[in-house]
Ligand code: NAD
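One chain follows as structure tokens, the form predicted on its own.
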């Protein structure tokens, strides 16, 4: 496993990280024992970075992850979780300092640890960014000084929201999802800015929340029909070549040197093993060029997310 330094921090994250959302039965009902075995397999196979959130399964993912980590030496893993998003509705966001502090206490208890390596504000585009800058981020900075967390950052989908925060506050890292993948590489438009500020980059959803899989987009996916159709064409191209599109998506997502770690979520040890094997194989750049050409025909690869004033689309 390759390990990369996260921005200006002293953390070295595995190139492939484990996204623990499936432990909360977010995508399908998951047997707890299999989920725990997946976490143990990830650690045994060299993954040292695990990400979670109280939002995933409405605290279930953190609870199961805490059971999986029980008895494992703390120096074997780098752990991140989040605050600010607690449900699917707009009313479920609360990034006030009081709620952030309470959320940290709750997460630490569920996870069975004394501190988080990384604490993130979850999906900042759903709240007033001026409030985030004035109240939420200073709270995270205070928690860092108090020794409750080691480093902090934000997550989000719209790049303009991440850009505004980074330009106005010194973060340790950002977690971006679906913005460096086969269908959309627009994360590269802000990587130079992030590097100039010493901000580490974590990439998530290399399959774009199911778009770049054999099964295709789930019914709830926010992408426009044109993008979904392009993904089906790309999947068909890969199928004709005898290759799983998810393999190409994984290889592509971890290939950029600016990205410290790419998170993959699964509650299956077999699927995780496939992902690890895939990223060790050489990327077929010719096939990637053909897939990227398919997506060049799609005018709208970005979907709305969050408040209108914070959205890229």
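All of these numbers come straight from a predicted model, not from anything done at the bench. Positions refer to the first chain, counted from 1.
Not pictured, yet referred to below: the form predicted together with the named molecule.
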Which of 31-39, 65-73, 283-291, 49-57 sits within 4.5 Å of the named molecule in the model of the complex, heavy atom basis: 49-57
Can you work out whether the named molecule is within 4.5 angstroms of a heavy atom in all three of 175, 246 and 271 in the model of the complex? yes
Taking any heavy atom pair closer than or equal to 4.5 Å as contact, tell me whether residue 209 reaches the named molecule in the model of the complex. yes
Contact of residue 225 with the named molecule in the model of the complex (heavy atom, 4.5 Å): no
Contact label in the model of the complex: residue 254 to the named molecule, heavy atom within 4.5 Å: no
Please determine whether residue 24 contacts the named molecule in the model of the complex, using a 4.5 Å cut-off between heavy atoms. no
Residues of stretch 116-138 in contact with the named molecule in the model of the complex (4.5 Å, non-hydrogen atom): 122, 123
